[in-house]
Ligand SMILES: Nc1ncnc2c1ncn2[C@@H]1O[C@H](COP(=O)(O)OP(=O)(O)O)[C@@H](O)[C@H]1O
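As structure tokens, one chain now follows by itself in the form predicted alone.
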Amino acid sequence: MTSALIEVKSASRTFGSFTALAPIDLAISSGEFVAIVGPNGAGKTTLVNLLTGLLRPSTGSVTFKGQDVSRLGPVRLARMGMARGFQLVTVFPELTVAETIAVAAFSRLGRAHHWFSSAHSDGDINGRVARVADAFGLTDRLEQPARLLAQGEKKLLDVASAFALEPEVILLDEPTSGVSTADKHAIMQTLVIASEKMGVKAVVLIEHDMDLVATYAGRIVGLHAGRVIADRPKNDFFTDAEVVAMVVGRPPKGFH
């Protein structure tokens, strides 16, 4: 049996007297596309923050490739091979597409503090920028300011920046929010293809759009009131009416 890339063992998170996440167990292995779903306040963001080292568990442990990550923080975790999507377009709207991807690439190499002075002359970084841009269909936009991209392209660039970290596991929080339904599927299709091209071993997706979850995820973890109430293959998840009602309110199209 293949050992899990990520293992959560009896991990919980409290804030004072409030329990944001009850003790849970979770394992994510190579080859999986796992969606984490649930209503607002279910504990989704808390769980992802535990997985990516932004929060330490109040009890239990979180390991990545066998190493406890609760005290590493997201920067060191990214260098180990776990990346979380972030919105550089919002933070640095005046950077070009190439520069935006380069910021993440320099961060992966531990050289983010002097990225600007050498971004255009660093062959390794330029090669990585080119590979990521090609995987996400952004090659002809490299010199364009990120703020001028269409909304769907901005979303792709946000995800592409995370891929520039060359992750083995990538965690994406609502990567298609704010775009049209047609653009959502185009973004997800590009993401899946890019994951295969770039050797990403596992994808963890936080997503409210159940049609996207039903189309792309192979396994679904349902949270409600800080507890895992379901961790099942997609078809088993959506055929349980009680679970669907608690977690998402309605089944996606094609599931009844």
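What you are looking at is a predicted structure, and each value in this text was computed from that prediction instead of being measured. Numbering starts at 1 and runs along the sequence shown.
Another form, the form predicted in complex with this ligand, is not on view; read the next lines as being about it.
- This ligand is not drawn, but in the predicted complex it has a heavy atom within 4.5 Å of residue 45.
- The closest heavy atom approach of residue 67 to this ligand in the predicted complex falls outside 4.5 Å.
- This ligand in the predicted complex is approached by residue 20, whose closest heavy atom lies within 4.5 angstroms of it.
- In the predicted complex, this ligand lies within 4.5 Å of some heavy atom of residue 41.
- Between 57 to 65, 32 to 40, 213 to 221, 196 to 204, the stretch whose residues reach within 4.5 angstroms of this ligand in the predicted complex through a non-hydrogen atom is 32 to 40.
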